[in-house]
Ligand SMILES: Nc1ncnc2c1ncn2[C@@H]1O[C@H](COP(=O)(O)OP(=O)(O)OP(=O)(O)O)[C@@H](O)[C@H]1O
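Next up: a single chain in structure tokens, the form predicted alone.
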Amino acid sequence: MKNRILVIEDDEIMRITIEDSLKANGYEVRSYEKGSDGVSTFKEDEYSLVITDVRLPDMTGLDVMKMIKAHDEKIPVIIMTAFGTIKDAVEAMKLGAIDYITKPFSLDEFNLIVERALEVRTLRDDNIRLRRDLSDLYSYPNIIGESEEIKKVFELIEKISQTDSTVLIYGESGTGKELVASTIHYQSNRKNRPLIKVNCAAFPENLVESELFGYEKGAFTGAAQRKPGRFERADNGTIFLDEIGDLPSNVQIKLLRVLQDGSFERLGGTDALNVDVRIITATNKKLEEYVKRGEFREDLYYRLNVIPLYMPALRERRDDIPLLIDHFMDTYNCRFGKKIRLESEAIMDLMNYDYPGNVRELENIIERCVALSSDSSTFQENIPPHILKKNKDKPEDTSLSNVAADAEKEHILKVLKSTKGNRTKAAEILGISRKTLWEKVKNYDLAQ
């Protein structure tokens, strides 16, 4: 869609000249002599930019801008002014004009200002879209699961997102702690401010302090200039400190002070800096044991553990495995341009594994299998051998179990036939959830 520009200029020659120049550059233009006519058409249509003279027959350009901004505060406005009315242009800038140009001007100069104003609008619109997309990305549906265990996580996120309370997310590696931290931030009132993520285990011990709190010029060899730290960059937003259990003891003291009064000094500095930052931390360690051994400050632990949030391991929420498999199959089939399908044997292998690496491990397995599978090889053939071995090592079902399974399979098949394949109705008749029916259909290879 072309950028549509509204021009309001009472001088007919100037108005026609501007309109012709803008059209020659590919813009759609509507021009008016009076401010009232321009404001009226602005309210009736969509525009990317407004250009108005300061002096108009019926009102000033400042009045035009106020009316237009009242209707759409984000619309960029360029003010045209004669040399003697520079004061008006300055006033217009204070009121929100994006730029001004003094008459007489060259068309090259004018077109450059127009192009720059439209670029600013595009960047602003892209930023708004990005914020919206991020908010959507980190909404609850993107934490995949319907189990009771994950529902408890959703409920807690909903309660704490609108607060500034410190959160400690704990659980095994690969359970999605970082995703939860991002979700909390993007569902909060700070969502339009920075979210700064720091893995405390990723930096050498002697660099953690300077990374978090910054340093002054000359603080150490190689510190050629002042550098702001992560806390400064997160001001008015959120900082996520992953692997908090690996934080060195000297840095723990500084973090405790930030939690107490929001202040700190850069490394090598003496001036206290104040920040307004929400702190979310995560760990896969049992911090209580670290506290008992004297490896983690007890006072800091209680400051961080205001709201504890437990992320369950995947083996603790097996009901979510089918949903996750579906999600990752769709993701990687789309990414690799494939249409790989799961065989019932492969589903059984994936369902019976304990996933010590949790959701991250399941995703990696699906990615690997989809990437390697083709018309000449099945999904199951590409499942890592250690998963197949562990499943084979499990004791076989007793004959009674097999008989029960066969009976269940036949009954499900009968109900599905009676509902003509309508799984929602079938699940109601069987007295199970649709998700459980999905799992049993795949396990028994009943999919049509």
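As the structure is a prediction and not an experimental result, all values here were calculated from the model. So that there is no doubt, residue numbering starts at 1 and follows the sequence shown.
One more form of this protein exists, namely the form predicted in complex with the named molecule; it is left out here, but the text below deals with it.
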property	result
Interface segment, criterion being heavy atoms within 4.5 Å of the named molecule in the predicted bound form, picked from 260-268, 335-343, 112-120, 317-325	317-325
Within 4.5 Å of the named molecule in the predicted bound form, all of Glu205, Gln252 and Glu298 (non-hydrogen atom)	no
One residue of Gly229, Gly237, Gly174, Gly245 in contact with the named molecule, assessed in the predicted bound form (non-hydrogen atom, 4.5 angstroms)	Gly174
Among the candidates Val291, Ala201, Ile144, Ile307, the residue which, in the predicted bound form, approaches the named molecule to within 4.5 Å (heavy atoms)	Ile144
Partner proximity in the predicted bound form: Ile157 to the named molecule, non-hydrogen atom cutoff 4.5 Å	no
Residue contact check: Leu179 to the named molecule in the predicted bound form, 4.5 Å heavy atom	yes
Proximity of Gln187 to the named molecule in the predicted bound form, heavy atoms at 4.5 Å	no
Any non-hydrogen atom of Val359 within 4.5 angstroms of the named molecule in the predicted bound form	yes
Any residue of 279-300 that, in the predicted bound form, places a heavy atom within 4.5 Å of the named molecule	Asn284
